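Next up: just one chain, as structure tokens, the form predicted alone.
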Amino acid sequence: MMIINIVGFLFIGLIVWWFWLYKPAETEATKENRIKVVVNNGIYQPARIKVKAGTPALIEFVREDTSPCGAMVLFPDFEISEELSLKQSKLIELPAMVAGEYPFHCQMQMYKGLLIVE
């Protein structure tokens, strides 16, 4: 009985860490303010992207995931919504931005990412 309780608490701790405490590493864009994001296994890789403020950014999305949720990416702060074709590259140009954090996600907000502008 005690083992079941311990396993249950460990499982609860894992869920709390995964959904509320875990933050993926940040990846910086190149000097040209360009980065490649792969859509696969229910996530964006990388999901936290640093870009330079005051200059346009180019994000190349490559969709490897067959899930319908991975078929679209939205940048609500810039009113950008783009379809992502399977196994094809899609280049999205973002305007020059002021410093801040801008989320991006799929249409159901299951795939989530964060654009960090510094």
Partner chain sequence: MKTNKQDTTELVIEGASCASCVGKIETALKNINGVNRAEMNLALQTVSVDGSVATDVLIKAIEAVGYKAKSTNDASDDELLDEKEIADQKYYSGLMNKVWIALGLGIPMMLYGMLGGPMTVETNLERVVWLFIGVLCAGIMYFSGKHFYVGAWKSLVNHNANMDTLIALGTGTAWLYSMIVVLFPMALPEMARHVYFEATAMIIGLINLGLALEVKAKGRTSEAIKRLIGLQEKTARVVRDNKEIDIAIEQVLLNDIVRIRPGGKIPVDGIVMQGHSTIDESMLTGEPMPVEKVTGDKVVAGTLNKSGSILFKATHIGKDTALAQIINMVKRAQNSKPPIGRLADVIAAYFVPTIMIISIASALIWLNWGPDPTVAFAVISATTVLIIACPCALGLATPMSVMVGIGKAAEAGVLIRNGEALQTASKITSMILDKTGTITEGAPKVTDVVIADDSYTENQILTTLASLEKGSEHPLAQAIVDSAVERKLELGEVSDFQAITGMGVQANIDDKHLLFGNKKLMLTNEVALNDYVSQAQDLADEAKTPMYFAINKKLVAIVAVADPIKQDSIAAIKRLQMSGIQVVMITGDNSATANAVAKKVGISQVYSEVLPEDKSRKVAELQAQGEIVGMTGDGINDAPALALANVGFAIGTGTDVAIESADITLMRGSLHGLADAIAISKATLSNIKQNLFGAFIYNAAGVPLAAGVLYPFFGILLNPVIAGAAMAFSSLTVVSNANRLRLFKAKDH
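Numbering follows the first chain given and starts at 1. A quick note: this is a predicted structure, and the numbers were derived from the prediction, not measured.
What comes next is about the form predicted together with the partner chain, which does not appear here.
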**Q.** Proximity of G42 to the partner chain in the model of the complex, heavy atoms at 4.5 Å
**A.** yes
Q.
I'd like to check something about I80: if you look in the model of the complex, is any of its heavy atoms closer than or equal to 4.5 Å to a heavy atom of the partner chain?
A. yes
Q) How about E28: is it within 4.5 Å of the partner chain in the model of the complex, going by heavy atoms? A) no
Q) Using 4.5 Å between non-hydrogen atoms, is K52 touching the partner chain in the model of the complex? A) no
Q. Can you name the residues of 78 to 92 that have a non-hydrogen atom within 4.5 angstroms of the partner chain in the model of the complex?
A. F78, E79, I80, S81, E83, S85, L86, Q88, S89, K90, L91
